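First comes one chain, alone, set out as structure tokens in the form predicted alone.
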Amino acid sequence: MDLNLDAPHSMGTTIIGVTYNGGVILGADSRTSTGMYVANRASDKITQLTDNVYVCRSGSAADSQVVSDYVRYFLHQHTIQLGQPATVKVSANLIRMLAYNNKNMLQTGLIVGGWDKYEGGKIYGIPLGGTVVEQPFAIGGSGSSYLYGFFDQAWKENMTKEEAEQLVVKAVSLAIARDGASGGVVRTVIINSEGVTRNFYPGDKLQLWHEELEPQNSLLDILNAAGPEPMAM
């Protein structure tokens, strides 16, 4: 099998942003792949832009990282000039501008989420090409193909924080079960007027879906286990 180890690092991934009645919740899996090879099984795809705004990254790992770095720098300058934190809308439009102006070179889709004192919790989807769309929830990455029907059924307005986080974790675990390019652990970021909370859900604690196998011990665990007693002669 040709693993194609020289292929660019790609986050064939699952990213989600959901609004609830007090803020927003962002969620993502953690698998980064290089061709058929899993380059990083525990990467963090939810990146901080400011104290109150985060971005979920999908597509080319390098492209999404460099866009995030540029935007973080510009927002820092913006905050110093204004003397107050940047709004979620300003952050999303800055990403939109970079993505649109470089649309022939960038292969990345992003979801911006955060909370500000003017508009509260907001989610913006920025797919390939540099469009920006404000949405009550946004899903992206290769795993999103398996989630549109699920969200049509499960999404509801004015969810509590607990309901929204449960929805995000359940959706990412479903995508991990169905999408070969999504996997690892689930990370969530809760952003509201009280600040930011990060949560971590190990892969062996996630809900199992139809035909999924139970987590198994690694081969090293099995080899290191004590062998059977020798047979008496």
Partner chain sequence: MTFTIPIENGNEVKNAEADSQRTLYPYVTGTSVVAIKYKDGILMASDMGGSYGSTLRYKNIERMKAIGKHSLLGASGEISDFQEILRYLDELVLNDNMWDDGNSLGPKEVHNYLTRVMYNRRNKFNPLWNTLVLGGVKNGEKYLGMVSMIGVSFEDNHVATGFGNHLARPILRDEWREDLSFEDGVKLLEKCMRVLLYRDRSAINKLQIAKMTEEGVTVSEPYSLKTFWEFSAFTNPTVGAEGSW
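Positions refer to the first chain, counted from 1. Source: prediction; values computed, not measured.
Below, we refer to the form predicted in complex with the partner chain, which is not included among the displayed structures.
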{"query": "Partner contact for residue 80 in the model of the complex: the partner chain, 4.5 angstroms, heavy atom", "finding": "no"}
{"query": "Residue 153: touches the partner chain in the model of the complex, heavy atom cutoff 4.5 angstroms", "finding": "no"}
{"query": "Contact of residue 103 with the partner chain in the model of the complex (heavy atom, 4.5 Å)", "finding": "yes"}
{"query": "The partner chain contact at residue 120 in the model of the complex, heavy atom, 4.5 Å", "finding": "no"}
{"query": "Interface segment, criterion being heavy atoms within 4.5 Å of the partner chain in the model of the complex, picked from 112-120, 135-143, 154-162, 71-79", "finding": "135-143"}
{"query": "Contact check for 96, 107 and 130 against the partner chain in the model of the complex, heavy atom at 4.5 Å", "finding": "yes"}
